[in-house]
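Each of two forms of one protein chain follows alone as structure tokens, named structure 1 and structure 2.
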Structure 1
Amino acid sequence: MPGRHTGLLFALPALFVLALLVAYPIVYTVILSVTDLGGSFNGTENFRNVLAARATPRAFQNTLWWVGGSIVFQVVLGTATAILLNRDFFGRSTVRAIAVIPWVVPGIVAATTWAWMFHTEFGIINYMLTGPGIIDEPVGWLTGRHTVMPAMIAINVWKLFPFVAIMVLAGLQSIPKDLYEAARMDGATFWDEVRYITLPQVRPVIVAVTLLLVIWALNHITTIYAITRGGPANLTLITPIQIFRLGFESFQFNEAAALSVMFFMVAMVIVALYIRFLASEGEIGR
């Protein structure tokens, strides 16, 4: 007869591999954050050095704009796209397939393509705006103080809104059609259906997708690093890129580890607050 701990014994190999892949890197990063290059314990010196750097508050502020701006537009545009793709029209399957293209394009390819499109002199975006006379002269989208971060956010929104659309569209398929038929009999308009039926029914999906987007945005550096590398003048520098610079460009691995630990704690606080909010709203457990 199998014992009480038989299941645990079978799971031990998988738990051991998981510990090597997850727990060990985290522990080693924490050790690096409190030691110097020689391996000697130096307490919070690495943390103080990182916090004293001029780039740190700028990177944190940019990260908030990057994450917040990306997620808001990704969720709004993705949900709107899902609602439109859920309606019956000619060529719906083709349009659905086309809508997924931005998501399946590799990140580095998308970043390089958009960098050329936003180019001040040769970019098609400036050409399309100057041709009809919408703007008088080309705009330096990737060099202007007030345009470079919105441009990065726009690229990130274009890249990930199809994922939101697919997830929400899957949730829309589970809504009983009887609800819409009853609403139409009561004289509800399309916007009434969206407000009182569609959005409440797919809210759990939107909540789960938003959490994923938060985690991805906090760790995503491909778009910004491939196009601006955090510039110009640190206008697009976000915390993950600052960590990368410290570790693999300046070879300050201990300070990079210290910043990683702080960033990890901030990310965990954000996720914990979000989960607590969901629990208070009754979304978890549905």
Structure 2
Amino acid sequence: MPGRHTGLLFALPALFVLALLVAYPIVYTVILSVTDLGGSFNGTENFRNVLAARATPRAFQNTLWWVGGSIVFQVVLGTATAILLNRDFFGRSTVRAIAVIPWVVPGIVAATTWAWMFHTEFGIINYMLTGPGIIDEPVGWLTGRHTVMPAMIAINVWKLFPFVAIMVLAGLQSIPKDLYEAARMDGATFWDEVRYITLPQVRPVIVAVTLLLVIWALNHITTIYAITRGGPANLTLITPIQIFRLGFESFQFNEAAALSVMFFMVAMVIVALYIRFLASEGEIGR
């Protein structure tokens, strides 16, 4: 029998590195958030300053839009793609391989390529839409009030629906075939099967993936920062970008820390839900 601590010894180096890089900074953020530049305690002043800034509620609202819009389309399109890729057709494995590509490609490459495609004057998207007369004149996708956030969400959906598709596909493949056969005997159509067998069976996967996507969307900076920096007029400013700008553009480390603490609390509620869900599915601690 191995000693009682052998397992822990194996895990210790990784735990130490993560503690240094994760636990310590979290504690340090809290300290920064309640001190001033000179390091003396100033209570809730940083928090009040941050909350008073006009950008903060704006960013919060944008973050909700960003997360909500991304998740809905990612999950729906991803699940639909998974159902498609689970059907039997010629060339399926090739389509499966291709469908993963947007997810693997560097986020910054996706951002720049889409920025070029969304270009108002020379972008291919405006050309394809004006050509057949779907729209009358070129749209300023990345500068317009009503189009810039949807454009960002579209890029994020394109980038991550493949991830949902792979995960759900894995779930679909574990559904026993005889369930479908039984349903077909009873005269079920394709849509009946989707509704009464497929979706209920992959529900746990979809829930887990959705929570993961929420967390990723909350953490996401690359796409928006690379294309708009949060502009125009803060229309695409989401909280993570606001933190970055406060800290690394205005060098207001203490206010950035205060905002981080608030952001962190919200994110941790979702993470806690995710971990509880995984635990209830028996993924942890076996």
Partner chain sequence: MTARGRIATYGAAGLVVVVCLFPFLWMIISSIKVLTELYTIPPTWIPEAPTLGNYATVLFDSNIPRYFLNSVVISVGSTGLALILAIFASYGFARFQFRGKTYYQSFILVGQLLPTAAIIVPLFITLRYLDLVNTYLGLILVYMIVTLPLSVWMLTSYFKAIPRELEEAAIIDGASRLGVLFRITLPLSLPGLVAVMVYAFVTTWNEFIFALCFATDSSVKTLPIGLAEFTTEFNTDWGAVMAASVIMTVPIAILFLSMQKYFVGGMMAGATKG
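Residue positions are counted from 1 along structure 1's sequence. Take the two forms, superpose them, and find the largest set of C-alpha atoms that agree within 1.5 Å; that set is the rigid core. Since the model is a prediction, treat every value here as computed from it, not as a measurement.
The form predicted in complex with the partner chain corresponds to structure 2, not structure 1. Core-superposed comparison between structures 1 and 2: CA of Tyr274 displaced by 2 Å or more.
With a cut-off of 2 Å and the rigid core superposed, Pro13 has a Cα displacement that reaches or exceeds the cut-off between structures 1 and 2.
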